[in-house]
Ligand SMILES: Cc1cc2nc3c(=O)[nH]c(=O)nc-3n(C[C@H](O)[C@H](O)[C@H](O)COP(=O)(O)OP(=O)(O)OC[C@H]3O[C@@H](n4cnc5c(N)ncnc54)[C@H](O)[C@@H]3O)c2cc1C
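First, one chain by itself: the form predicted on its own, in structure tokens.
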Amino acid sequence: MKYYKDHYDVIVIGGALAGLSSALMLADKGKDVLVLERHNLPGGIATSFVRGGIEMEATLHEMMSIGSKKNRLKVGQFFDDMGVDIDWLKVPEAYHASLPGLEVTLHPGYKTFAREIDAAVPGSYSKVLHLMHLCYRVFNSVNELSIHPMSKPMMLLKHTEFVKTAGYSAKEVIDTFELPEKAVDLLAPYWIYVGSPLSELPFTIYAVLMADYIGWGSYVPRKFSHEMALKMAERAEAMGVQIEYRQEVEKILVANGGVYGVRTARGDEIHADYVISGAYPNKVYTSMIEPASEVPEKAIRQVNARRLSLTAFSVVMLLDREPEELGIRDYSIFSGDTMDTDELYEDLTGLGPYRYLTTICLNYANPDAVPKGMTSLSITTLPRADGWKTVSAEDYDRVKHEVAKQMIDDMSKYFGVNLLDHIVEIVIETPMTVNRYAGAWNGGIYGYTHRMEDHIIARLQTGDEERLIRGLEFAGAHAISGNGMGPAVTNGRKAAKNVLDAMAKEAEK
């Protein structure tokens, strides 16, 4: 019996969230789909691991665009529509900000959020609420325009605030509200989740992020991020998708400017009309296209012009006490000695000590995540790859433990307890871990940097120009919607829609 069919409609490279979203959407439209995953499990970095017989979350802090059962947002609705039943748990807060002169816990809901900032910075309520309402209107415009593109005159007429703010950074728009500095500091912590300082971050991205997280709150799956991947893969196979693990794609086969299949590391040549790649364009265009002569010169210029965003360094721990006994009071803590995001962004170039940390206590969102009497705690920073490229193999173990120790010491001081005395299990995840496990280019988890010179709005307008090889689409953090597990689902759906649109055009000929 042959391992593969003679031909597929679509081959998806990578069984992470984006690739599985593409597969689900294509299968839902009756297409014949093959997913090839280099790892032995689906999900990419949406995964978990077991230490000491206890499952631990590897990466997910929170999922956006889920919503409640009665008011689903786009990602949550997609899972429902595809028959992927996830047991979502709502995160109890937006975040706790521990910044110079500020110790403030903020909760979802625009009015609640504005009131809590006003309590810390009196007189800021109306301006913060106005800003959040602006974010909400831009968020609605982005969602509508992503489904129903329209002419520029119509955009200006129906989406005035979206158009007016699209050419400005988050800092530039926030500055127009003339808020006190401490109020701005409380509005800034999520910058790390998009990986750009507010001076470079397009306001459109900031608005979507804040409207989503602050408007409806965030969620986590009861059975960790891997629940999403496993259930998506299970549902995809039930819909007829063929998923094969431990099958690394080495080459994408191209002739006369169009794809016709792939070749795996074990030598299988598999044919298809379309290929959706989870691998970064940097890797695809420099080493995966066969023959190399089929790589357009514009493709190399395109990847060289884009700047890779952040990678990850995380210390994941299982502790031997309940959170309250360790002085841990919040689910999500953003802590730093400044909220100057330009300064913090530059700090992420090196190898530490890192000045801005994100600490997550999973117990507060998912009380059953660990056995009673224990705490699941992760401390994360999102460095740029630059510094980690300089670490030699001989120095790697020493450097990673030094960085982890610094992060643990910093949060020990904050909680008032020596966390080292309470560690039952510990895992240190570095950019090298991400690169080895997920195969992400330079250990990147955030794709390309969101910045004014490479604006999401421009990419949406010029999307056709990015399709440089006929039949080849990209789905992952490097695609148009950017980074994060929620956007990964959106990127996968977008790639599938592009394929379906192309198929429809071919059928009309």
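Numbers follow the displayed sequence, beginning with 1. Keep in mind that what you see is a predicted model, and the values were worked out from it rather than measured.
The same protein has a further form, the form predicted in complex with this ligand, not shown here; the description that follows concerns it.
*Asks:* Choose one stretch from 48-56, 470-478, 26-34, 448-456: the one whose residues place a heavy atom within 4.5 angstroms of this ligand in the predicted complex.
*Replies:* It is the stretch 470-478.
*Asks:* Indicate whether this ligand has at least one heavy atom within 4.5 Å of a heavy atom of Tyr437 in the predicted complex.
*Replies:* Taking the distances in the predicted complex, the answer for Tyr437 is yes, it comes within 4.5 Å of this ligand.
*Asks:* Taking any heavy atom pair closer than or equal to 4.5 Å as contact, tell me whether Glu248 reaches this ligand in the predicted complex.
*Replies:* Flag for Glu248 set to yes.
*Asks:* Report whether the minimum heavy atom distance between Ile11 and this ligand in the predicted complex is within 4.5 Å.
*Replies:* Close contact is absent here: in the predicted complex, Ile11 is far from this ligand, nothing within 4.5 Å, heavy atoms only.
*Asks:* Met485 versus this ligand, in the predicted complex: is there a non-hydrogen atom within 4.5 Å?
*Replies:* Contact check for Met485: yes, within 4.5 Å of this ligand in the predicted complex.
*Asks:* Sort through Ala272, Leu319, Leu348, Ala279 and report the residue having a heavy atom within 4.5 Å of this ligand in the predicted complex.
*Replies:* In short, Ala279.
*Asks:* Within 312-335, which residues have a heavy atom closer than or equal to 4.5 Å from this ligand in the predicted complex?
*Replies:* Heavy-atom contacts within 4.5 Å come from Ala312, Ser314.
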